[in-house]
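A single chain, nothing else alongside it, follows as structure tokens in the form predicted on its own.
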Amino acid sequence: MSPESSVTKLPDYREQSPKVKERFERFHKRPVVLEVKNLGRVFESSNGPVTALEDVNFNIKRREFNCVIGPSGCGKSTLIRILAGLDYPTSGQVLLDGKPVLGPGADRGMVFQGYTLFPWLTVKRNVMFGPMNAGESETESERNARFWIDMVGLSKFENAYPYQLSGGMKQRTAIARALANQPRILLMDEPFGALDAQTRFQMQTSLLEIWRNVEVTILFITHDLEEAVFLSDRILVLDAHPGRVNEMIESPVPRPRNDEQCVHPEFLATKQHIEHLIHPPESRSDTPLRITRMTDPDDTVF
């Protein structure tokens, strides 16, 4: 059997589901918010230049939820840092609403995997920080902070400090802080990667509810296939070494999303298709692990 014949092709569920078809017809009429054109990034090392990204092209439409996924070393974090203006491409460009991204800006909110809150500030003061730095009055910043804190479900903890919060609550605060600047696009770099499975799912469903009610576009980096399928409208799959666009997949999973959909055929088929893109059968090694036995041969476990 050839490697190609073992790959399960993703069925076109848009033809089978009128709701999914209608959703993507509406989606494709939306204006483009973010354009990435011929993007490349080369790092200099002691062993010579290392190409992290090469000729990356894609766009994100208004209020789209886009996930980026790929194997380790494909340049996901480099990509999102360039989009945020925290790093610079060596070729190509990034356009937000048609204007070049030349550095950090309030039009892009960023949520990192680590809990990047100011430990000496309360939840409320963390959320107020950006707007006050932008010149908003303390009274107005406090009013707006309470709005976003309530949006993420932390009203009872507005005067708590980060050390008093759980991991999920810290990330809720980070999301509120990013949204308080009312960005055009919210960039999220594996924000739930450090959370336990139960908290992670709660955060995913909370994020979808926030996104549904807020005028914001989301680009979400993840290494978790199920997370990508569960959250996204489209999934950008990157190849590694160097990072190139392999495929942009339209998620056929109907909205609104719920945990029961994780076992539905369209969800499983999408997940399997991404798995084959990231780890194609021809790239999998059949070489057995070289094991050195360090236990008593009579003490065998099965």
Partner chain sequence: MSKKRHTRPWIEVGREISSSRAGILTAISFALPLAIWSLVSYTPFIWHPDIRLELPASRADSTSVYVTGDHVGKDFFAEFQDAIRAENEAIERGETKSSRRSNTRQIRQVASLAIRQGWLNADQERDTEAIFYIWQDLATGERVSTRPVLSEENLYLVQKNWTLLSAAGSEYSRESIPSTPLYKLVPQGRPANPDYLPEPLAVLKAGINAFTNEIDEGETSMAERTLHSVKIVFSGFLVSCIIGIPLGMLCGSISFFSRLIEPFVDFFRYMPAPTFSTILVAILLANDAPKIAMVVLGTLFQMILIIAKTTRLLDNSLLEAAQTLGASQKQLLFKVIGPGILPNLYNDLRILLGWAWTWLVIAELIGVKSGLTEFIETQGRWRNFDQVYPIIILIGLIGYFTDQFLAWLRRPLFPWLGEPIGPKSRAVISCVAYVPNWFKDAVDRRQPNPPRT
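Just so you know, these numbers come straight off a predicted model, no measurement behind them. Residue numbers count along the first chain shown, from 1.
The same protein also has a form predicted together with its partner chain, omitted here; what follows describes it.
- Among heavy atoms of Arg200, none comes within 4.5 Å of its partner chain in the predicted bound form.
- By the criterion of a heavy atom within 4.5 Å, Phe147 is excluded from the residues contacting its partner chain in the predicted bound form.
- Gly109 belongs to the set of residues with a heavy atom inside 4.5 Å of its partner chain in the predicted bound form.
- Proximity of His223 to its partner chain in the predicted bound form falls outside the 4.5 Å heavy atom cutoff.
- Taken together, the three residues Arg81, Phe118 and Arg177 all come within 4.5 Å of its partner chain in the predicted bound form, as judged by their closest heavy atom.
- Taking Asn133, Thr205, Ser155, Ser91 one by one, only a single residue has any non-hydrogen atom within 4.5 Å of its partner chain in the predicted bound form, and it is Asn133.
- Only one of Gly73, Gly105, Gly193, Gly167 lies close to its partner chain in the predicted bound form, with a heavy atom inside 4.5 Å, and it is Gly105.
- Note that among 214 to 222, 228 to 236, 94 to 102, 157 to 165, the stretch whose heavy atoms approach its partner chain to within 4.5 Å in the predicted bound form is 157 to 165.
- Counting a residue when any of its non-hydrogen atoms is within 4.5 Å of its partner chain in the predicted bound form, there are no hits in 34 to 51.
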